[in-house]
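Here we start with a single chain on its own, the form predicted on its own, put down as structure tokens.
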Amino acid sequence: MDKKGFPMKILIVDDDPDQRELLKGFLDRQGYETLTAGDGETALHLLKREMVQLVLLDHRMPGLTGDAVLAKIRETNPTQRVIMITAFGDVDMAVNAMKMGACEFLEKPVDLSLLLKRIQQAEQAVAVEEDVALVSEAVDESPLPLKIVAESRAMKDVLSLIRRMAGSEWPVLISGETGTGKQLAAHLIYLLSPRCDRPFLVVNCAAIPENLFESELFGHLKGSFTGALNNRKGRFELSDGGTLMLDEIGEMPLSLQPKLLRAVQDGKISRVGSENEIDVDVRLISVTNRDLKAMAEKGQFRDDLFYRIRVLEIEIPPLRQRREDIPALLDFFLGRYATSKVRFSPDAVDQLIKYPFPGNVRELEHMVQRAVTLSRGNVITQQDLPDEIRHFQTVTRGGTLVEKLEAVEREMILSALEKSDWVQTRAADRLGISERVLRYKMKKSGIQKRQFI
């Protein structure tokens, strides 16, 4: 079904009438809407006047062959999904069809259960693309300075989840490594939600002293503690009717978590120093780079709060799992930071795509800032890249075992530091070493925080 609840429309193109009827009867019974064509010319004519989501295309037909039809489809609609079907399949034919743009290649006699599985996958992909288009349209029309880069399937799946979650009122937990874009995802959920014209407030749980945490979230009465000179509303009251984002929620003190649980569960809060309850209507989005489930199992985070804030969950993939996004991200950051027309050379782009980016998109952004600042010309080459990126391939694929182990160790240290916001004690804990040993290894590997600022 598409977004409006209508069945997917499928065009069956085959010169064999028995094959057309077989496929049509099977797909009709599965609830799909089908059209049929006995030759390529008829198929192209139907595609001009019908909105078809998927084409099942016979490869060998009199007149226009399947390859010729596929080529013409690609000329007029590059996004059209096509499954090629043939009785004469071989490896070369399959490779050629996929290169031309077919999303799948099946042989006759068609395994109907396999065909149905492939159609369902195509249907899911179409739904994701529709979600991505809706999110992109909303961002383009928004006054907020947001930018979406989603060339990879992984990020398209994330945007699809965001669109579907935005319309609900349930709490959302957004997790992922440091620098992946978790706050952007939270902004998108707010932007696409019915609450988009109401307040959107952000609280960084890692930046608030523990003794002021309760007041920050729930407010206080005058005189309730030293320094409370006036009555003050907390973030829950200030975001009433809107959305509240708790960034780095894993840093929230255990002592305060029961009160947060009640606020989320019952929609009631009380200011510090007051016994009166206040009703609040807040949609909560929690963000973390930590494993809250593991923390809950160790007693470091309340498990009842964990399950309450994780009614809906999105995990933002690290950049190394969506390398297809890197060229588009480079173009975006160049447009933002370059003061003149600058581009990356093909060899530089290739090296950047290979690099694992432990600091994720944030590290890539800072690398572009550095490159456009230090570059002497309008082309940024591989030699202009930071040492850890420029030498990455050489060290990991060549060199001695010691060099390879040192490279792996360096990546682990950088990743731990990024995940810990460069707090060395926390990074050392992640790595299972002392802070003194971490400092020694950082010095040995030439790792300095300024590389990513």
Ligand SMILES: Nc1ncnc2c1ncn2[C@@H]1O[C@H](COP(=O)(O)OP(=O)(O)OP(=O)(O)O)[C@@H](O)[C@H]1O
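This structure is a prediction, so every number in the text was calculated from the model and none was measured. A residue's number is simply how far along the shown sequence it sits, counting from 1.
Unshown form predicted together with the named molecule; subsequent notes refer to it.
**Q** So in the model of the complex, does Gly219 come within 4.5 Å of the named molecule, heavy atom to heavy atom?
**A** No, Gly219 stays farther than 4.5 Å from the named molecule in the model of the complex.
**Q** Is it the case that Lys182, even though its partner is missing from this view, gets within 4.5 Å of the named molecule in the model of the complex, heavy atoms only?
**A** Within the cut-off, so yes.
**Q** Heavy atoms within 4.5 Å of the named molecule in the model of the complex: does Glu177 have any?
**A** Glu177 belongs to the contact set for the named molecule.
**Q** Check whether Arg320 has any heavy atom within 4.5 Å of a heavy atom of the named molecule in the model of the complex, and answer yes or no.
**A** Contact with the named molecule, no.
**Q** Only one of Phe213, Phe200, Phe332, Phe306 comes within 4.5 Å of the named molecule in the model of the complex by heavy atoms, so just point that one out.
**A** In short, Phe332.
**Q** Among the candidate residues Met155, Ile269, Val82, Leu246, which is the single one with a non-hydrogen atom no more than 4.5 Å from the named molecule in the model of the complex?
**A** Going through each option in turn, the one that passes is Met155.
**Q** Any idea which of 147-155, 222-230, 344-352, 236-244 reaches within 4.5 Å of the named molecule in the model of the complex, heavy atoms considered?
**A** Careful reading of the contacts points to 147-155.
**Q** So which residues in 284-305, when you check the named molecule in the model of the complex, have a heavy atom no farther than 4.5 Å from it?
**A** The one in contact is Asn289.
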